[in-house]
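Next up is one chain by itself, shown in structure tokens, the form predicted on its own.
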Amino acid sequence: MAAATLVAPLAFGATAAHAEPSLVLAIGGEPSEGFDPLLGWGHYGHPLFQSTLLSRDADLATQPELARDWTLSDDRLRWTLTLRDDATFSDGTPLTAKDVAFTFNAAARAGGRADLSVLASADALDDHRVQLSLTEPRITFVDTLYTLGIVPDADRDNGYHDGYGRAPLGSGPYRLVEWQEGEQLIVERNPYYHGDTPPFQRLVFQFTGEDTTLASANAGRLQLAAIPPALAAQPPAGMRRVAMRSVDNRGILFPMQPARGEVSDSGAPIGNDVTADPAIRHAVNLAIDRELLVEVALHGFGQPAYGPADGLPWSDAAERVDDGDLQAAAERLDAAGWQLQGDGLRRRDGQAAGFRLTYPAGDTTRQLLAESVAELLRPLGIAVEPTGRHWDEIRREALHQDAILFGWGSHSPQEIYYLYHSQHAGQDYYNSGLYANPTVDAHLEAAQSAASFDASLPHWRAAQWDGEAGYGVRGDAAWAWLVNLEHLYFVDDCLDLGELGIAPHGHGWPITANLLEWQWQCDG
């Protein structure tokens, strides 16, 4: 079903007018911390207001951006990059190597999403050359060259300041005109942009809920709208449905520790006596019918998921399980002492086999997945309680004691490191189940210190399963990965989106990654 609806760029006529209207978009993703790359803006897509040193094309191949040339020393401890000499910020002032050095040094201190933990220093060698020195080789450090937008040095008159995220100055294709938080963002072309002229003079991003977005699309007030699968059946008149491939997944994180009355530094309770049992986690992975989840919760717009990076070279293609097998799941539970009782629920030593499955309130896709998982596990004798909470409540109450329906998906294996290395246990959302396995840690560290990206791949895959241990379904089953999504949009019939790439997780407006290729194909 989904494959049949994949939409290639439309075959517009040669007489298209190429007018330059404003576009109104509702694609979600309003960043609460603003548009500050030092705090994470741009991590999951193009930063829009800022430029990066390198970029990826639709095939994920490296392309120059601010950097024209780049080298890595033989000991893999020094990146040297030469910048283009025509880059300026959107106020017309030049961008130099000092701005790049400031950005990397400040981002390392800021503790945002960029992985700069091994950055020793960033130094401007002259106006157009910058050197990034590392404390140790780190194979995924290169990701920061693709994702970290460059901000002006704080020592400049127009430099970085505390309120930068709400008044960003960058060298990207657009500059901010007005941001009405919770309502809309208005941007316009950066007249000093060093690349091709952006095709649209003005863009208006509306921040609306799913129902309001659909109503606006039906009323003809949007040219591009992100739509959840449940609402994507019938495009409005004058619009078409586009399904963008992605590595965006959804899965269940299990708390790995039993409840001992411990709390995190933030006061959040730690531990769950049910999900801490590997028999429960393996039974869940066996019992879930992922194909059925795709049909029911995604309306066919996706694929089953068995790991956090299915189809990517750092994922083990053999990481599969014959799922939807209630008999195998029941045998696993029986052997572990979880006995089915007359009320249809399994118990062991008085402990009922049940847990809350928390999802962010307002996300209809995750709600459908949570409710479907509960129905699939009910015949097995596991009681799952789907629970919608706001993110602040999840962080305060549920993060380390509930099973949580998270979404991830990245163009980099760095995300695997965050999700499964014990170094990140209890930090942020990634490894909030406090998973730890020294064997897995060793494989992940070997991957990061490998001589090349290709050389790192066997180590990433071994962390998933090395024949005896791993984080995957054949090992600790620290997660039950469920589905990989297709990103769905209603798109004005006059808007040609060009060649779309493979989207990462939804934050950061991934569909705008090729914004400069978009074209308006109608008169007027």
Partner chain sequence: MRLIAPLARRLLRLIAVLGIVALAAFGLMQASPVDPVDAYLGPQLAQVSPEQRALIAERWGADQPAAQQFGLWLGNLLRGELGWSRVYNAPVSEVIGTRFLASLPLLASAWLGATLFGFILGVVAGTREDGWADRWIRRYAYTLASTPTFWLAILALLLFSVALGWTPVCCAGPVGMTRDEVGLASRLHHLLLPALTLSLLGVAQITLHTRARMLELMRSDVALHAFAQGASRREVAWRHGARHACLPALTLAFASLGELFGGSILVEQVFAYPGLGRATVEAGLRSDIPLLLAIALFTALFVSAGNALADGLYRLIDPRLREVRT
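Positions refer to the first chain, counted from 1. Owing to the predicted nature of the structure, the values given are computational and were not obtained by experimental measurement.
One more form of this protein exists, namely the form predicted in complex with its partner chain; it is left out here, but the text below deals with it.
Against its partner chain in the model of the complex, the set Thr208, Thr212 and Tyr430 is in full contact: each member has a heavy atom within 4.5 Å. Of the candidate stretches 67 to 75, 172 to 180, 259 to 267, 314 to 322, only 172 to 180 has residues with heavy atoms within 4.5 Å of its partner chain in the model of the complex. Using a 4.5 angstroms limit between non-hydrogen atoms, Gly112 touches its partner chain in the model of the complex. Put simply, Glu415 is close to its partner chain in the model of the complex: some heavy atom of it is within 4.5 Å. Within this chain, Trp465 is remote from the site of its partner chain in the model of the complex, having no heavy atom within 4.5 Å.
When contacts are judged by a 4.5 Å heavy atom cut-off, Gln63 does not count as touching its partner chain in the model of the complex. Proximity to its partner chain in the model of the complex, defined as a heavy atom within 4.5 Å, holds among Arg245, Arg240, Arg347, Arg221 only for Arg221. The contact residue chosen from Ala230, Leu125, Val204, Leu326 relative to its partner chain in the model of the complex is Val204, the criterion being a non-hydrogen atom within 4.5 angstroms. If you take 152 to 170 and check each residue for a heavy atom within 4.5 Å of its partner chain in the model of the complex, you get Asp162, Arg166, in sequence order. Between Leu39 and Gln427, the Cα distance is greater in the model of the complex than in this structure, by no less than 3 angstroms. Inter-residue distance, Trp314 to Asp57 (Cα): reduced by at least 3 Å in the model of the complex versus the depicted form.
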